[in-house]
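The chain below stands alone and is given in structure tokens; this is the form predicted alone.
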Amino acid sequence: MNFAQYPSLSGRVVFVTGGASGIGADIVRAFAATGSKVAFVDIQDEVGQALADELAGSAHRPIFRRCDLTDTEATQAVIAEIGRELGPIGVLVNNAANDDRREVDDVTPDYWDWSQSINLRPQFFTAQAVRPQMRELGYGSIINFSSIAWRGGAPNMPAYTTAKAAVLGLTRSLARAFGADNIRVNSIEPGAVMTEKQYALWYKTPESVDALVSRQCIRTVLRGEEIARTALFLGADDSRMITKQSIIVDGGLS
């Protein structure tokens, strides 16, 4: 199959959170392939560096920085550093998340706060940090990540689904707040993307994967590449009048 290329992304500075593995790594690969100047952060040092090495032959070798997104000051410092090193950030992809499962009766206040500190809070503070850089450029695209999990009301991940539902409210508020600066804010709601983590933790047998895919309208295993292509579109000038929206990419599962 042939997919779209986006000339407007060539040379554009892109910042991706949670970019070392899974969907995030596919997003890093996709933007690097368009000629973007990609910087990505993660807490997985070896995996992140390996991805940067894998893509060393790109037009612009991606930059990896270790960063714990629960440390807001450190995260904003990395964003400022990347802006100085590569130029103002034009695309922010708030991909990082942790879809840990825990039954309602087992949720503690500390666990709840931990989940929000990964799945929701960084999306606001990274957006706050890149806004001056995007204002300097005269444009920008912020792509927040939600999930279809909140739509179905997954019973064993209430902290996660709460955060992912809140991402849509955050997206709409930031789109209104940032619109006068020509900064667009949208979100993506992935479905059951089959990453290495999903196979290792939740879908350990071919039968379990087949059972899931059979519930989709399009009965093909959903891969991170599909999510990455949606991120490319939202980051490119082709979507310049799309803001305050959320796009579901789930093969019709929800």
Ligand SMILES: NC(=O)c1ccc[n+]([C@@H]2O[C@H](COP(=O)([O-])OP(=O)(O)OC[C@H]3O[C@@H](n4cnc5c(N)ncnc54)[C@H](O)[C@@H]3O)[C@@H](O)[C@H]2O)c1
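Just so you know, these numbers come straight off a predicted model, no measurement behind them. Heads up: residue numbers just count along the shown sequence, starting at 1.
Keep in mind that the form predicted together with the named molecule is missing from the display, and what follows is about it.
> Give me the residue from 78, 183, 96, 120 that has a heavy atom within 4.5 Å of the named molecule in the predicted complex.
Only one listed residue qualifies here, and that residue is 96.
> Within 4.5 Å of the named molecule in the predicted complex, heavy atoms considered, which of 228, 67, 32, 51?
None of the other options qualify; the answer is 67.
> Do residue 20 and the named molecule share at least one heavy atom pair within 4.5 Å in the predicted complex?
So residue 20 counts as contacting the named molecule.
> Within 4.5 Å, heavy atoms only: does residue 197 come near the named molecule in the predicted complex?
Yes, residue 197 lies within 4.5 Å of the named molecule in the predicted complex.
> Please tell me whether any heavy atom belonging to residue 146 falls inside 4.5 Å of a heavy atom of the named molecule, as the geometry stands in the predicted complex.
The answer is yes: residue 146 has a heavy atom within 4.5 Å of the named molecule.
> In the predicted complex, is there a heavy atom of the named molecule that lies within 4.5 Å of any heavy atom of residue 39, even though the partner is absent here?
Close contact is absent here: in the predicted complex, residue 39 is far from the named molecule, nothing within 4.5 Å, heavy atoms only.
> Please determine, with the chain shown alone, which of 156 to 164, 103 to 111, 82 to 90, 125 to 133 has non-hydrogen atoms within 4.5 Å of the named molecule in the predicted complex.
Comparing against the named molecule in the predicted complex, the contact stretch is 156 to 164.
> Could you list which residues of 182 to 211 come within 4.5 Å of the named molecule in the predicted complex, counting heavy atoms only?
Residues within 4.5 Å: 190, 191, 192, 193, 195, 197, 198.
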